[in-house]
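Okay, here we've got a single chain as structure tokens, the form predicted on its own, with questions on binding and movement later.
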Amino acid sequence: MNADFFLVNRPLWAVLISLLAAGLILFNDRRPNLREGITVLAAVGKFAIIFSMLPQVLAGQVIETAPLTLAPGITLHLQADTFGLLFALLSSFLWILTSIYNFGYMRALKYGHETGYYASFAVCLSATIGIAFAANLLTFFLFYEILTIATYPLVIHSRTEEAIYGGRKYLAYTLTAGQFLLVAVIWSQVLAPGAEFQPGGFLAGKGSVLALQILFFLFVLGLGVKAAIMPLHDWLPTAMVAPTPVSALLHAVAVVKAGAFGFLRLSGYVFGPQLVREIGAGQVLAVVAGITIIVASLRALGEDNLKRRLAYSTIGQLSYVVLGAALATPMALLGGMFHIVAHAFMKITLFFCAGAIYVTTHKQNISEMKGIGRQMPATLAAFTLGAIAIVGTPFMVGFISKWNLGLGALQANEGIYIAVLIVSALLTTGYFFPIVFNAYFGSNKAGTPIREASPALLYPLLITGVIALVLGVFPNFGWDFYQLALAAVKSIFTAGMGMAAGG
């Protein structure tokens, strides 16, 4: 009985384990080794719990906890379905590597205030898994806002005037967006009590075309800030004042990924692909995503600060996911789902490299990094892998997601977005490859000796860089990410056909 109780409630335990770790971390302020040990144990434990659900979910089961009823028709509910498990597996695995990287980074730069830092990190990952396993809109919203609040201490961690400003701007954007999301959630709850996520959506026939268009727009405002679609993006480059592991968390694992994840939930599980197309919302959102992809790439070209260039790259790259949600065809949704995985490994590699360079050399600007590839060969090799992958080069993980997005555009008879993908790839080459070229072939006039990054910084970035390569050849390597995305898309469109036949 106890074993059955644990097995059924694994989505809940996956959320709670890092909350428990956050409390233990706070009680071990003067025991740094124990504090770090708790962080690693919680990260490994969370991943183990989530990974244990993979066979059942791939077999077609949905693992769900008993709903907590707050009022008739209003519940908090967790479940592990194929799409949620994909995001949870990704986040929990990368938390392990980020934790190790954190130790090397924070110790090297002696930031201080590390107890609160690690505790906030743990709460962020708890909220992220809550978002992944949310079974309805209310649960999604609750964890979405917890993530907003928990990230704030991380953004302002250095306590400088610039960091405080960046944190205030982050809160101003994200909390305002949360109000629009709350209105959308309440409205959806009125239209469909419970607002439980369903493959193929649950809002068809629940309101007039105009009402559903307005509701969709409210969701876009609520989710678009975290996904950093333009013009709702400006908080993200400003938040780059945070320590680099936080930047990696913001971009690869949690905050902006939560927004992108939310758009796919919206398209596939709230409105449904057919309704998204019928009310014309997809076409408008696709235009916004396309503009964001191009303009963000152009902005990245002009940034000399490496982390800000990476931030604008993220703004453009995450709109690939939004584009997949907007086109709402099978291949587009598959491409969007797998791009969450692809971008995570690519971008966390690049941010880890940026942090390793800063810790070792205290250089933040690209113009100062000439010749650094000859002195930090392993770090720059990983950066090169990440850059090649994010362009969409064949046999790298970014190619798979972008190829599927292109096929999705053809399925939607929107060939213009293939042109957007091609132009974006060229611009991405333009803002990444000069970094690589100058790192290997530029001259370091100062001639200051530079050593390779320390093992705690180096090993995580090498692992993520290699995985970005391996997943490009074997997309199901290790975690069955591609199979999970395929199963999620199949469930969405099978349910959609069923509803259409029933209608």
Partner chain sequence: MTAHLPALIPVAPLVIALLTPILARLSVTLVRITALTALLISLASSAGALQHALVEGTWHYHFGGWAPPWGIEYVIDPLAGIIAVLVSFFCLLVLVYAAPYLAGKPAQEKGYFYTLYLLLAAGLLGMVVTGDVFNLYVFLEISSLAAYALIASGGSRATVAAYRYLLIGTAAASLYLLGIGYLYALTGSLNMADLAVLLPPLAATNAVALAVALITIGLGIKMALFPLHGWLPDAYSSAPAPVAGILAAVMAKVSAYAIYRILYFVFKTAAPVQVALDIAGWMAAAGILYGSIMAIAQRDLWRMLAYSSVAQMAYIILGLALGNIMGLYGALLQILSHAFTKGCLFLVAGSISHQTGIRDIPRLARLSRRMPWTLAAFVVAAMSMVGLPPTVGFFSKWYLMLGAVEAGAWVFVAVLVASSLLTAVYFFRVLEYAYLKEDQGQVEGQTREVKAAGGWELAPAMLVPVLILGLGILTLGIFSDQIISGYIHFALPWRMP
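Positions refer to the first chain, counted from 1. Quantities reported herein were computed from a predicted structural model and do not represent experimental measurements.
The same protein also exists as the form predicted in complex with the partner chain; that form is not shown, yet it is the one meant from here on.
Colleague: Work out which of Leu410, Ile96, Leu171, Val295 lies within 4.5 Å of the partner chain in the predicted complex, going by heavy atoms.
Modeller: By the 4.5 Å heavy-atom cutoff, the listed residue in contact is Leu171.
Colleague: Looking at Thr238, Gln364, Gln189, Thr429, which has any heavy atom no more than 4.5 Å from the partner chain in the predicted complex?
Modeller: It is Gln189.
Colleague: Can you confirm whether Val8, Val44 and Ala48, the three residues that make up this candidate site, all sit within 4.5 Å of the partner chain in the predicted complex, judged by heavy atoms?
Modeller: Checking in the predicted complex: none of Val8, Val44 and Ala48 is within 4.5 Å of the partner chain.
Colleague: 156-164, 299-307, 116-124, 284-292: which one contacts the partner chain in the predicted complex at 4.5 Å, heavy atom to heavy atom?
Modeller: Selected stretch: 156-164.
Colleague: Just to confirm, Ile400 within 4.5 Å of the partner chain in the predicted complex by heavy atoms?
Modeller: Outside the cut-off, so no.
Colleague: Might Val183 be said to contact the partner chain in the predicted complex, defining contact as any heavy atom within 4.5 Å?
Modeller: So Val183 counts as contacting the partner chain.
Colleague: Would you please decide whether Ala425 lies within 4.5 angstroms of the partner chain in the predicted complex, comparing each non-hydrogen atom pair?
Modeller: Outside the cut-off, so no.
Colleague: Taking heavy atoms only, is Gln179 within 4.5 angstroms of the partner chain in the predicted complex?
Modeller: It does: once the partner chain is placed as it appears in the predicted complex, Gln179 has a heavy atom within 4.5 Å of it.
Colleague: Could you list which residues of 136-165 come within 4.5 Å of the partner chain in the predicted complex, counting heavy atoms only?
Modeller: Contacting residues: Leu138, Phe141, Leu142, Glu145, Ile146, Ile149, Tyr152, Ile156, Arg159, Glu161, Ile164.
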